[in-house]
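Given as structure tokens, the chain that follows is alone and in the form predicted on its own.
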């Protein structure tokens, strides 16, 4: 039995190590194929065929027709415009507010540790619950924000924030930032705390001010974390659905119809799985392009 299990003599040590390595990662590869590669290939099959739920059993091959039909629809172009504005604001907002809050929490003051814990509460709240909270705050007849503005005499009557295209977009952005900025701040704070203090001391000796220290010391250390956060927020911007579903339903007048909501409407309202799958591929492609741009723009140098 031992002879049957022994390696053949013509197998070199390097070959044996390679075989052992592949056998070691085989379970992980199987999981990746099962839960990543197969769904992607199945989604591609849906996108290249006609899949309408009102016509079951009829799935002819259509090639790129679903993609062409999508780009001919002016509603998709509007949703891309809205999504681009929404994503740009939350990406920039998370980066700027995250850095500012992290710099504040990195200072030593009374209650800093407690504040570091409390700031994570919005991030810990489920997105749907966050959307419900902000909907109650912005609602036009009993909203908290309306009540405060009325009490301070800033408005003469309650205003329907979610009924106006501009204020509805602002409300959606505020809810997204309130949910995501705490995580960005904590991750950036963790990065700030590993920067050697000696670098700042050397900068002071050389006559460097606050801006010079941030530009040449702090920011290079923050680049890797910022890259991850920007990619994450871009993905969240393109796939934000739950907040739209809870707060605005894509309205008013499609002002908050993001591409994720547009995909939902294609599948569950128009019952067109083929177009919905094509939209998923478009979203994934755009996210990959933006991720590549972030890696190029925030490419890091070796830091000692």
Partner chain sequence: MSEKREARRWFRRPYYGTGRRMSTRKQVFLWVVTVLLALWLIGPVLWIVDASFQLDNELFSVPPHWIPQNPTLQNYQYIITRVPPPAYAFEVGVQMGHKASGEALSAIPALKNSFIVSIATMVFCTAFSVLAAYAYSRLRFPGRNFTFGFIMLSRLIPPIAVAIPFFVIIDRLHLLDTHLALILVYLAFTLPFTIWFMTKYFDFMPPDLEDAALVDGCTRLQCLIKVVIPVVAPGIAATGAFAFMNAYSEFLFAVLLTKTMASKTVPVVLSAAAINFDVSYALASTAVVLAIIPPVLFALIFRRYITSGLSMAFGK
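Positions refer to the first chain, counted from 1. Quick caveat: nothing in here was measured; it's all calculated off a predicted structure.
What follows is about the form predicted together with the partner chain, which we do not show.
Looking at residue 75, you'd find every heavy atom of it more than 4.5 angstroms from the partner chain in the predicted bound form. When contacts are judged by a 4.5 Å heavy atom cut-off, residue 43 counts as touching the partner chain in the predicted bound form. By the criterion of a heavy atom within 4.5 Å, residue 109 is counted among the residues contacting the partner chain in the predicted bound form. In the predicted bound form, residue 80 stays away from the partner chain, with no heavy atom inside 4.5 Å. Just one listed stretch, out of 82-90, 67-75, 173-181, 212-220, contacts the partner chain in the predicted bound form at the 4.5 Å heavy atom level, and that stretch is 173-181.
121 is the sole member of 121, 154, 166, 205 with a non-hydrogen atom lying within 4.5 angstroms of the partner chain in the predicted bound form.
The partner is not shown here, but in the predicted bound form the stretch 210-230 reaches within 4.5 angstroms of the partner chain through a heavy atom at 225, 228.
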